[in-house]
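Okay, here we've got a single chain as structure tokens, the form predicted alone, with questions on binding and movement later.
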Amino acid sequence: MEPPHAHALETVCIQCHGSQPGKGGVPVGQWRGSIHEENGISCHDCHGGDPRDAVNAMSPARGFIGAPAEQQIPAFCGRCHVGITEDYLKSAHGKALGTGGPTCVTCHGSHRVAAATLDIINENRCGTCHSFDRAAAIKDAMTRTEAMIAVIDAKIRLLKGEGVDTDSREKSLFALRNTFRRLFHEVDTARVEQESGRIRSELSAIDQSLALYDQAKQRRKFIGAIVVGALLLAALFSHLLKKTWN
């Protein structure tokens, strides 16, 4: 299926490079199907230039800045991903920038950009530079937290669909999800485990408050069943009494 922005993304960059064999066409092939394409981010959004004028598409006068040097990559991506870049630069990965440490494209790719999920943390990718042990511990802690967020989010959606006021729980979950996302570039195992544990504790509190809604709903169902049963018995008694008099 074509992404929603497929036609809008067919710029002169895509048209020219997409038809090129070999090295010139590789970036377009990698970009297709990426999270950038899915969200309507095309060549000129990162590299600048004029996407409607083939002659001046790569003119600095039209804002073309080309590809960044390795040390400039975080700032290049950080024009859009501001908070993520801050988190990266504070991490051990970011502090090793320029001395062999990974940049954004090392883990996320330059053109075949993948969605930022925990799937990115895997032995093949992390094992390229170091042992997977620490990364596995980080992934385990974050996977458990992400699973709790998904379950609670589903419960809130269900209750909201039933007309329950879930506004405060939604806001609490939103804040915790954002805090959780800020851990994605943290590579300090102890801190990730500690912070994930704290987040899960707060998620449990939200989950318990949602359970109260369920308990109240079950009580209402039980009382409703008793009322219906009593009405049926009353109707039966009335019917029998009427027959007796007749």
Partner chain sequence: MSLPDKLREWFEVRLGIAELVEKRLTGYLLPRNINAWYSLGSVLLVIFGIQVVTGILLLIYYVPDADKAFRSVTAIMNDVPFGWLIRMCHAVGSNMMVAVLLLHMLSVLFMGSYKRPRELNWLTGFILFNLVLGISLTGYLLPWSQLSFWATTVATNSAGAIPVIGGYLVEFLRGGKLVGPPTLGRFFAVHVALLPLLIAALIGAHLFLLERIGVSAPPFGLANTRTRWAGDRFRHESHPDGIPFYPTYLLQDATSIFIYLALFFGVVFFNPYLFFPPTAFIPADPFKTPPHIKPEWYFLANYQTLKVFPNELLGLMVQGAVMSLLALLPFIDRGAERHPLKRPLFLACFIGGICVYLAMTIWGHYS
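Bear in mind the structure is a predicted one, so any value in this text is a computation, not a measurement. Between two forms, the rigid core is the largest collection of C-alphas that superpose within 1.5 Å. Residue numbers count along the first chain shown, from 1.
One more form of this protein, predicted together with its partner chain, exists but is not displayed; see below.
All three of Val55, Gly63 and Ile65 touching its partner chain in the predicted bound form at 4.5 Å, heavy atom to heavy atom?
Not a single residue of the candidate spot has a heavy atom within 4.5 Å of its partner chain in the predicted bound form.
Going by a heavy atom distance of 4.5 Å, is His130 a contact of its partner chain in the predicted bound form?
Taking the distances in the predicted bound form, the answer for His130 is no, it never comes within 4.5 Å of its partner chain.
Is it the case that Asp119, even though its partner is missing from this view, gets within 4.5 Å of its partner chain in the predicted bound form, heavy atoms only?
Heavy-atom contact with its partner chain at 4.5 Å: absent for Asp119.
Could you confirm whether Val164 comes within 4.5 Å of its partner chain in the predicted bound form, counting heavy atoms only?
Val164: contacts its partner chain in the predicted bound form.
Find out whether any non-hydrogen atom of Lys160 is located within 4.5 angstroms of its partner chain in the predicted bound form, and reply yes or no.
Yes, Lys160 is a contact residue.
Quick one: find which of 214 to 222, 44 to 52, 25 to 33, 179 to 187 has residues within 4.5 Å of its partner chain in the predicted bound form by heavy atom distance.
The contacting stretch here is 214 to 222.
For 224 to 241: residues with a non-hydrogen atom within 4.5 angstroms of its partner chain in the predicted bound form?
Residues within 4.5 Å: Gly224, Ala225, Val227, Val228, Leu231, Leu232, Ala234, Ala235, Ser238, His239, Leu241.
On a rigid core superposition, would Arg169 pass a 2 Å threshold for CA movement between the shown form and the other one?
Comparing the forms between the shown form and the other one, which are aligned on their rigid core, Arg169 does shift its C-alpha by 2 Å or more.
So with the core overlaid, does the Cα of Lys217 end up 2 Å or more away between the shown form and the other one?
Comparing the forms between the shown form and the other one, which are aligned on their rigid core, Lys217 does shift its C-alpha by 2 Å or more.
Any chance the CA of Ser19 moves 2 angstroms or more between the shown form and the other one, core superposed?
No: Ser19 shifts by under 2 Å between the shown form and the other one.
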